Every structure is written in C-alpha cells, then in structure tokens.
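Next up: just one chain, as structure tokens, the form predicted on its own.
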C-alpha cells in the first residue's frame, strides 16, 4: 500500500514537473511568436513628444487600447525628444535592454534607424507606422497614401482660391524630407491642378517642427504675396500659421489641416481637414502582433479605400466655413476616391 502511494506521488510529481516544463516552453514560444504572455512587453518610441502632437497621441491611444485586450501585456511609452540626431541612440538603448518583444514608432525616418539598430539586435522586432521598408524579417511598416491625403487638400484649396478669384495657394512644411518633396507636395499640386491648372503652389519650409514664430512669419509673408489658402504640415509650429491668418482677416486667407480634425482649433479659419486614422492603424496592427499574425518583412500602403485616410466633411464647422458650391464639388471628388473610380497610385 505504501509502495502504491509512493508510486502515485512520484507520478503526480512528474506530471506537475512536465506541465511546468511545457508551460515554460509555451511562454517562450508565445513570446517568440509575438502572442501574449505574462512576460510580453511593448515599447512605444515617440520621436518628439506625445502631448500636443495629435499624430503621436493617436499612436499612444491605439497601442494602449490593443494592449488592454491582452492581460499580461505591458506597454512603455518613451519620448525621444526633438533632436533627431539622438533618436538612433535611444532606439539602440531600448533594444539593448532586452525588455521588449516589440518596439512601435511612427515617423518616415524610423525605418532606416530601425534597420541600423537591427544590425546589432537582429531579434528585436519593430512595428513602424508612417514609413516604408520591406524585406527585413524583423521589421513591419505601414505607410499612409499621402498622395491621396495631399490631393484632397490641394483640391479644396484650389476650389476655395478659385471661388475667391485668387490664383495662389501655399504649403508650409516643418522640414524638407522625401515624403514631403516626393509625395505630399506633388499630390497637393496635382489636386489643385485638377481644379484649375493655372493655380500656383507656393512652398516654404520652417526648418523645424516647433517654432511657431517662424511659421507665423512665413505665413504672413505668403498671405502678403497673395496665397489664399495654406496647408500647414509643421507640427507644433502650425499654431503660428493659424495666428497669422487670424490676424489678417481682410485677406480672407484660410488654413487646411493635415492628419487630424482641426476645425475646432480656430473657427472659422480652419476650412479643411485631410486626415489619417493613426489610432485605428496602431490598434489594428498591435493587435495583429499580439495574435501572432503581423507579417514582418512586409511594407503595407493604405489609403482612402482601406479606411485609414480620408477628408472630414461631416463636421458642422466645415459646413459653416465653406460654401455649399465648394462642398458639393469637394464631395464629388471624395466620392470618386472612396468608390475607387478615382485611383491615385504611388508615383515612381
């Protein structure tokens, strides 16, 4: 009887040990494959600061919402500051810590930096929004079709300028970078030209993403030179352009916002919002990772028909600020983009 009891105890102990071993193997496997476990952790690297930057606020909110659906998954939000020279070093430090199964970020410069970090830490995985890099097995990128986004803004800008009898529109950028010069500016100009081929596009650069005084100076000069509508893509410096427009009511100049719904920032001076739904992208792609289904090595392009890029036309402030004639023409163009009858592919 004692022997039988001892054998039963030994079998039970062995079963428990085997179960514990399998559990450890399962934890290691799930972490490796990106599915949730008690030790999974995600780092969100913000190239700048989240507060006051809607595009990064959307990033944070989307990742948080996805992680909350998977008990045991922790998130760490790390601000990189505005000095771009320091970003690679900070990314390297995050990867070197070995704490995170995934690093998430959003900026067109991030893919190149992540690729550099990957040479030292090839097991570190990256989910990068608003950038493009394919063929790297530990990096996934998603890029918004900014040609569509800029086209919608340029189309409206030209409609408004033409209605007012003007022939110039402007674009203020925080800095010159490939996506700006190769996609956004051409897309903006293309949208304007499809309304009126005689429209001139005035392009100026602030030099950074935070100097509102410099942006105000540029905007004031552009208004003086006859720019009727300004598209501002200068981060926190955008406020300077809005202030310049508000201080020149006689000019009739107006602002088009980019990336987020900006109508409520300073009514009635914001007359258009060409947006990306970064919170939706951050949520969906983080969730895919946690389910083990994020296709690392891929570079995805998403646009209007995918539900990640659009123009906000149902805001009452838009209705109040823009005439029905212009809204109808803008809506007709948007309907074509949404249905796929108007396709703006990527430029070579």
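We call the rigid core whatever largest set of C-alpha positions still superposes within 1.5 Å between the two forms. Numbering follows the first chain given and starts at 1. What you see is a predicted model; the values in this text were computed from it and never measured.
One more form of this protein should be noted, the form predicted in complex with a small molecule, which is absent from this view; the next part is about it.
- Contact check for 53, 84 and 175: all three have a heavy atom within 4.5 Å of the small molecule in the predicted bound form.
- Partner proximity in the predicted bound form, defined as non-hydrogen atoms within 4.5 angstroms of the small molecule, places exactly one of 191 to 199, 230 to 238, 91 to 99, 155 to 163 at the interface: 230 to 238.
- Contact between residue 141 and the small molecule in the predicted bound form is not found at the 4.5 Å heavy atom cutoff.
- In the predicted bound form, residue 273 stays away from the small molecule, with no heavy atom inside 4.5 Å.
- Under a 4.5 angstroms non-hydrogen atom cutoff, the small molecule in the predicted bound form lacks residue 219 among its neighbouring residues.
- Not displayed here, the small molecule is approached by residue 258 to within 4.5 Å at the level of heavy atoms in the predicted bound form.
- The listed set 145, 75, 107, 118 contains one residue whose heavy atoms approach the small molecule in the predicted bound form to within 4.5 Å, identified as 107.
- Relative to the superposed core, residue 52 shifts its CA atom by 2 Å or more between the shown form and the other one.
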